Every structure is written in C-alpha cells, then in structure tokens.
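Only one chain is given next, in structure tokens, and it is the form predicted alone.
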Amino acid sequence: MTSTLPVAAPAGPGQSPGPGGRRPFGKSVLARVRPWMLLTPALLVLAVLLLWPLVRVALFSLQDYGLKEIVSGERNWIGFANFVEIFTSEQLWAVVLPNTVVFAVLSVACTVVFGTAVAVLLASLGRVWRTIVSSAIMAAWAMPAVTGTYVWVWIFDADRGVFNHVLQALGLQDAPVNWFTDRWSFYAIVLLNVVHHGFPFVAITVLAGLLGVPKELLEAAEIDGAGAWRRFFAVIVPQLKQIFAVVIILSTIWDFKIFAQVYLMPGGAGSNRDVLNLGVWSYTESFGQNRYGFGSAIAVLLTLLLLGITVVYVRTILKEEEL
C-alpha cells in the first residue's frame, strides 16, 4: 500500500511557508499592512492640503467669524445658527439654489450630449484628421476659465459685442441689448461658456471608449438590422456605462461649483443678486460682507450637496452592475 502524504501549499513570491504549509502570522500581517505603509506619505499630504482646510471651514461655519475675530483671535461659537439663517433665507430658495441646481443639470446634460456627439464624429474620421481635430478642441479645454469668460463677455458686450453687432446688421434688433442684466440670458451665456470649456474632456474620454468597443458587436447588430441609433443605444452605450458615469460625476462636481464663469461676468460679483449661485454667494458673504462664518456655512452646504449627489449616483451605478 502506498501512503498519501499531505503536500504543503506553495509559498507566495518572496515568502517561505511555515509549518504545515501555513504562512507565518507576522508575514501575513506585514503583507496586509505594506500597501498602507506605501500610501501613508501621499495620504498625509492629502490630509494636510485637503482634509485640514475642510475641517477648518466646518469649524468656521459654527462661529460668528468676522474681522473682529480675525484681529483678536477669539472664537465666537454660535452652533448651527449660520445654517438656520441659510435655510430660512428667501435668497436661498428663490434665487441661489435654483440658479445652482437648474444650471448644473442643464450644463451637465448639454456638455455630455455635445461631447458624445463630437466623440462619435471623431471616431468616424481617419487617424490624421482625428488627431488634428482632437488637438484643436483640446485648445478650448486648455484655455483658463478666466480667459474664456472674458472672451464670452466681449462677444456679448452691450456696446462693442459681436453678437449685438450681428443682430443689428441683420435687422433683428434696433439698439444694443445688455444681455447680462436678465437672469435667463445671463445664465444662457454662462451655459455657452461652460459647455465650450467642458465638452473636449467628455469628447476625448468617450472617444477612447468608442475605439475600444468590439467591432464584432457592431457588425452583428448591423446584420440583425439595427440602425445607427439602435446600435448606439443598444450596443455602444452599455459598453461605455462606466465611462459615462465618470464624465457625468466629474461634470456635475465642476458645474455645481462654478465660480469664475459667474463672478467675472458683469453683475455676477454680487451687484446683481438675481444671478448668485452657491459658490459666488459664499464668496460675496465672506469677503464682501466680512461674514466668514456665514460664508463657510454656505461652502459646507455646497460640499455636502456635491457629496450627496455623487454618493447617490455611484450607488445607482453599483446596483445596476449587481443586477
């Protein structure tokens, strides 16, 4: 008779098995801790640069903090009084929150749709023209938000703007119009600015996904009689679900907290209270009214709003993957 002896499990790379083929406890713990040890320096830098400022803003939001407190160094704790004032303010519900939320929804939708359309166009081009057009549209993304905003301000300027000049030349209006005084036209210009600046990122990101879609799937769908629209929504969109999730989340974060595109427009710095959004409202209250505690509370509200939207969207995507 032949006896069967237990065979020890092979040891991992760089590790020697213990008695009975078991990995030593100390080395097992070290294997689990080593990644965190390697990440510790980067995490410390992030904590200093990102986490601590957030904590400071949260602490300021619980204080009546102004110039007096800055000079004296004293802390005037008032609890959640700043948040109570925010949520009982008519300015928040009638102006600031609609401007922030409605604009963000429209800008994200327009940016993703237009960027996806450009990506489909780029995918249909040859390699040379695709490189040329991609390089051209990336110039819009590389342009600083301040520079781009001033360009759009010049285009719609009441006295020397190209837009007014064209409308008058076509006989569509008799006199120049100041498009920055009306709330809707103001944000229409901001929408053009944001979409123009944001669509290249969506286009290039979606293009990378389009080029990775297996051609066999598209050819099979075409043989089955699926048209271009059906192939796009039934084949391509499911393949790019993760990419669309990333661009939508990032676009939502960017468009909810826009500042320069509103603040640098005529009337956007606080003189026209009808065009305030959360970012500009926080800035004007902090540095315009010297109410740093109240402005910090608005910033905390904006941060929590962004976190809530991101968490809900990510959970929705994860649930769809589990089904």
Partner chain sequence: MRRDMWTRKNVGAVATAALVALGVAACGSGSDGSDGGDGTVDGEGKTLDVWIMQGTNPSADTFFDEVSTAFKEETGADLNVEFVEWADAHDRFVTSIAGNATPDVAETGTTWTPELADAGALAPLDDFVAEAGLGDDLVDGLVEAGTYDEQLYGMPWYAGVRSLVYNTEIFEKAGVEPPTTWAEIESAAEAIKAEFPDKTAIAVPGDAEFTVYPWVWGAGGDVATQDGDTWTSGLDSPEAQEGLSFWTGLAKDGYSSAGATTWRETDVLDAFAQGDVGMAVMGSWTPGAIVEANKDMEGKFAAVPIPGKDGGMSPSVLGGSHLSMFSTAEDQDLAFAFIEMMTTGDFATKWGEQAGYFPGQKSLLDETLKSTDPLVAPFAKQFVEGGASVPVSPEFGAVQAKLTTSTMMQSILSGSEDVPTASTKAAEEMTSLLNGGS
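Positions refer to the first chain, counted from 1. Here the structure is a predicted model, which is why all the values come from computation and not from measurement.
What comes next is about the form predicted together with its partner chain, which does not appear here.
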Its partner chain contact in the model of the complex: residue 178, any heavy atom under 4.5 Å: yes
4.5 Å heavy atom contact, residue 290 and its partner chain in the model of the complex: yes
Proximity of residue 63 to its partner chain in the model of the complex, heavy atoms at 4.5 Å: no
Contact flag, residue 272 vs its partner chain in the model of the complex, heavy atom cut 4.5 Å: yes
Residues from 263-286 in contact with its partner chain (non-hydrogen atom within 4.5 Å) in the model of the complex: 263, 266, 267, 269, 270, 271, 272, 273, 283, 284, 285
